[in-house]
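Structure 1 and structure 2 below are two forms of the same protein chain, each written out on its own as structure tokens.
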Structure 1
Amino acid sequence: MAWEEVARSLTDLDKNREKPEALGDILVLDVSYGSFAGLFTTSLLSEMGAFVVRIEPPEGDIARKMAPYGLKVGDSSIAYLVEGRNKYHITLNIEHSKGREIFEELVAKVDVVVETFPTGKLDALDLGWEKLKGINPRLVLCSIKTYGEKGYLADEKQTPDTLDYDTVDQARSGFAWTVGIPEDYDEFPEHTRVPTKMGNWMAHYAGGAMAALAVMGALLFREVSGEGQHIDISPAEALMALNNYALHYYHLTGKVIGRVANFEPAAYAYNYFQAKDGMVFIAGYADPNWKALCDIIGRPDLVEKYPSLKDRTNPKNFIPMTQEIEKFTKQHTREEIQKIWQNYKGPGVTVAGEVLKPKETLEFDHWYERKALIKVKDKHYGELLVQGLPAKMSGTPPRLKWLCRPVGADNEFIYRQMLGYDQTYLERLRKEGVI
């Protein structure tokens, strides 16, 4: 059988439901607040089968209000809906003494707690790590916040009591410093030639992925040692680690890597070019591959003019080289270029691919075939298109069971199931403002 068929049947998405879940025995409390880093962490865990109880204050997580252009469905911003997946949504006021007691009862029963409060806040509520590990020595407490829980600013009590903003994290990661159009590219308006944040909440996604990794490391360690631990992750530091060699290079050379628009400081061609109908990515950077690129566009003179890696990574040459190559690319559409490159059978490896608007991306079947994008019919929020499950796994594939639930929708079920509270007691807690 051809490999593609083997791989497809190994990870057959239609069989996902028949297969076991890897984290089926893990209980998680997600008490994150206003943080998509926290939400993404528990989304990753819940997709792999963890039982995730999402704790919001009685008025709901402020993340439910983070709505692009104000767009909501029901009680939730559309952004929140994406990361509510597979979680049980309950409310609990941990500012209330009774709420804190209930939180402690829950902590005694779970494996993981994820929190994103400002540095020191859990301690101030007398729910800090020392306390929680006393309640449950096997607990993994995962704190995710811009400044972390420890370190110079925390010791100096200089960390702000604010939400953890993705923009601030991107700024502190060094990432924003290296994204954007350089100051001297004056064909672009001045206000666009600045350090630029990624369009998505990249620091929060990086922080969430790093936190989920750390949680799994801690759970594996617990298997061996029987001990839980406190994990302290900063989305800014997570994104910093994903910023290529910027920091390593500064130490070695004293040079700061700055912005280069869509060029690549260490290789050319490895950038975007103007095509007839938008932009295309073209790569061909090692010598034989550069030669292949020039061959395709019928410009052997460029090989002579820019023969070595050194010539091609000289930033002064970026624009002249690009202008020459664009003489070709501007004559063709993105699709034509992609095909021309794909049909090249000569020596060297060079590739081309389209740069698309998200709306154009949606047109590929690939994403739906592989459930990277899914149309879901949610009981509470209706029919929606959302990102699905990038991981295909033969043994324990991830699942999307439901998209989201309204604030407090699972109070009855969870409080009964986990703590044995009955209807009357819940009613009392509600009146007292605890849930």
Structure 2
Amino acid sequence: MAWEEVARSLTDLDKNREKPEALGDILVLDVSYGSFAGLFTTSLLSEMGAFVVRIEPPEGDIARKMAPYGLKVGDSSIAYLVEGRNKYHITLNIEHSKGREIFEELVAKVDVVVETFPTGKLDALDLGWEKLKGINPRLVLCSIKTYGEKGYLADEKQTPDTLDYDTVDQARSGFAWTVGIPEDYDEFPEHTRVPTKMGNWMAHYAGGAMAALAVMGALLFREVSGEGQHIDISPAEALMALNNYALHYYHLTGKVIGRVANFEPAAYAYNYFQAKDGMVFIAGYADPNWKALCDIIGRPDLVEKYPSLKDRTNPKNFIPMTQEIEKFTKQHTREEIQKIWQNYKGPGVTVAGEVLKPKETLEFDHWYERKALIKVKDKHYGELLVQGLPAKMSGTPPRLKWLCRPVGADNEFIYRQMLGYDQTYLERLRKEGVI
């Protein structure tokens, strides 16, 4: 059997329910609020098999309202529907004294708590780390917030008592400064030449990924030591860790690296070009590869004009070089450009590929074959197209079990199973505003 067939068989996602789950015996409380960093953390843990109980206030998490142009399905934004996956949803008012007592009961029974309240909020409610580890010494508490748990901004309370916002994290990380059109590109209107946030909530997703990794590391250490620990995650720091060389450039030169739009400061050509029907990505930056690119488009004069990598990575040359190459690419469709590049047999290596439009991405069969995109029929929210599971694993594969639940949908099941509450008691708690 060919290796490709073996790999396909070993990681067949249709068979993942037949295999064990890596975190199948781990119980997690997600008490994050208004934060996709916290939501993404527990989404990743739940995919790996953790039993995740999502705690919302009785009126529901404000994250359910975070929707583009107000677009919602039922009671939830489309973003929350995805990050509510695999989780049991209950309501609990921890501002209420009885709610805090119930929260402590739950903490005693779980392995992990993920929270995103403003710094000091849990301490003010007498639910801080010292209190919680006294209740459960094996607990892993993961706190996620812009400025973290420690540091002068957190310690001296110089920040407003607000939620962690992705756009603030992006700005604080230094990442937003590196994205967008450079200030000295006079070809563009002045109002467009500004630092630009990334389109998605990248800081929250980076923070959530780092948090999930840290939680799994803490759980592994607990297996050896028997001890839990407190994890302090700042999404701004998580995104900063992904900032490949902007910070190091400043350290070495004392200068802030300028924005370069779609260009790559370390290589040219390595960017997008306009085709007749959209955009293409073209790379050919080492000297022999640059020559190959110029041979393909019939422009040996560009090799003479920009002979070295230093010439080609001079920011002043990015737009003129792109304009010259686009004299060729604008005459061809994306498919034609790909074929032209594939048919090149000369020396050097240069590549070209389509930049897919969103509609084309959703029509790309490859993603459905790999289940990177999945159509799900949900009993609460109908048929939805959602992201699949990036990790393909032969032994303990992740799973998408269900999408989101409505606010408080699992109150009876979870409170009965974990704390033994009966229907009469739950109804009393509901009337008192506790759940």
Partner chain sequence: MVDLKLFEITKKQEALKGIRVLSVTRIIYGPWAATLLGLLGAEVIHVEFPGSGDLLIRGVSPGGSFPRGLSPGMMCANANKYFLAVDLKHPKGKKILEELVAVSDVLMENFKPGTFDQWGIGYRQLSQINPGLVYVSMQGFGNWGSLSNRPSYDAYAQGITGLAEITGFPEAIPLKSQAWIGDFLSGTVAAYLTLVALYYRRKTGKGQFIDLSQAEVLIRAMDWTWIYMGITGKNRERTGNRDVAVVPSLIAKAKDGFVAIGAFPESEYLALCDAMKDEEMKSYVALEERYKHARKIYERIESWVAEKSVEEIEKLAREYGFAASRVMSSKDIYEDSHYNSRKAVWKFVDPLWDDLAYPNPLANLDKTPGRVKWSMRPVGFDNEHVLARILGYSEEEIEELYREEVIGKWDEKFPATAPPPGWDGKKGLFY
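Bear in mind that the values here come from a model prediction, so they are computed numbers and not experimental data. Each form is matched to the other, and the largest set of C-alpha atoms that superpose within 1.5 Å is called the rigid core. Residue numbering: sequential along structure 1, first residue numbered 1.
> With each form of the chain shown alone, which structure should be assigned as the form predicted together with its partner chain?
Here the form predicted together with its partner chain corresponds to structure 1.
> After the core is matched up, is the C-alpha of Pro182 off by 2 Å or more between structures 1 and 2?
Pro182 C-alpha, core-superposed: shift of less than 2 Å.
> Taking the rigid core as the superposition reference, indicate whether the CA of Tyr344 shifts 2 angstroms or more between structures 1 and 2.
Yes, because once the rigid core is superposed, the C-alpha of Tyr344 moves 2 Å or more between structures 1 and 2.
> Once the core is aligned, please say if the CA of Asp287 is shifted by at least 2 angstroms between structures 1 and 2.
Yes, shifts by 2 Å or more.
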